[in-house]
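One chain follows as structure tokens, the form predicted on its own.
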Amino acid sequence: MSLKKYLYSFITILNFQEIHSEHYLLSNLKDNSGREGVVIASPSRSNPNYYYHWVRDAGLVVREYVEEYKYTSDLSLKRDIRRFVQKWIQVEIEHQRTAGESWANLGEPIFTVDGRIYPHPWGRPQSDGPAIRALTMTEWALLMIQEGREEDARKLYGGKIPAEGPIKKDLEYVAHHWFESNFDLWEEVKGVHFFTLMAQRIALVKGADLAAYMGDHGASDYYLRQADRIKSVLNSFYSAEKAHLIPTINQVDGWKNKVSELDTASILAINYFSFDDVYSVDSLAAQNTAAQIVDVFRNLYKINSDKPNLAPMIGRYSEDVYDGNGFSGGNPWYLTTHAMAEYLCRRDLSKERTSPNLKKIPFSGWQFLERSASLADSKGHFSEQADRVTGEPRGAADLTWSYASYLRAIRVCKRAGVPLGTN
């Protein structure tokens, strides 16, 4: 194939997938009754049933819409995003009110589409959800202030104790409970987690800025002190011996099969929550972790080893056995493959130089996106997972986070430049 034809094919498949990802994502931003503000994890109601609202997933999805609102010049789109974010805020206020009456408090991870707590045993609490919710609402409040809607932002923050506003409620929860054991984003391990602490730290730092603006200086100082304490704990997550980030320390419950302690959750955390002073994309920890993850998954799945010249599909962690509806063996996930694409493109955008002593990843972020898009069906549907042997869909169909992660990654990669070359 000529370079011209290759480029046309390459760009066409990525653009096709972007358009369809936007469409399927939008269809998941409400339940079947049309209630806006609910973010279903997937329309799948059986084998598996993901027809619920996860606080973490919803917060991450809405955060991408806040980011789009920030940069778009399309007034109609701005109006639609503003309407949706306000509906999501109302849904989450209901969730806070309901969860406040449960034993798990604000760490309750899942709600039914009509706002009830998930009525079955689950990995509780999950403390990344309140942090991500607070972070997204804080970033939205700061945009409201820029637009001259300060009174609305003040209501959203709510500076009284006991807290009244949804941002203040979550920030207080995070500030007073961040050091407690909780379940990780994969809902399998109870302990202290890198992903969760990174989310909690950025939420507190940005929340402190908002609190100071609102005149809540005591709270602002307290949030910053807690953020500094989290930073000191985060320093213990890099293993010099293993030369990569550890996803969990002080495990007290849950699965104990993650012997390698190598997890794509670490790359997700760096993409979503890193500051330059803690685990930037150019940090030794980030680069070593990413390189080892790519190495592991290149040979772990037949779908990758059969095509060694293509960017590999990436799983959660090498010991994973969850197949999307049982435990016959782990598969690559779309959202973790998109995370690797985003990470590499963020590194391309960085002003820092990659150390010549580090092992290079022989693929670009664009190549990971192309690989993922090539496994979507003819109508651009992403599932949760791709079969490790055949590439066929596995797990929940039309996973909301799969689409959101693709759109997020392609936005970053477009900023990084031409979709060619290797890293």
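In this text, all values refer to a predicted model and were calculated from it rather than measured experimentally. In case it trips you up, residue 1 is the first one in the sequence shown, and so on.
There is another form of the same protein, the form predicted together with a small molecule; it is not shown, and what comes next is about it.
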- Taking 54, 186 and 399 as a possible spot, do all three reach the small molecule in the predicted bound form with a heavy atom inside 4.5 Å? yes
- Would you kindly say which of 201, 190, 347, 316 lies with a heavy atom within 4.5 Å of the small molecule in the predicted bound form? 316
- 361, 41, 61, 38: which sits within 4.5 Å of the small molecule in the predicted bound form by any heavy atom? 41
- Within 4.5 Å of the small molecule in the predicted bound form, heavy atom basis, the matching stretch of 339-347, 89-97, 316-324, 298-306 is 316-324
- Message: Test of understanding: in the predicted bound form, would residue 122 fall inside 4.5 Å of the small molecule by heavy atoms?
- Response: yes
- Query: If you check in the predicted bound form, is residue 194 within 4.5 Å of the small molecule, heavy atoms only?
  - Reply: no
- Tell me, yes or no, whether residue 65 is in contact with the small molecule in the predicted bound form, where a contact means a heavy atom of each within 4.5 Å. no
- Quick one: is residue 387 in contact with the small molecule in the predicted bound form, heavy atoms, 4.5 Å cut-off? no
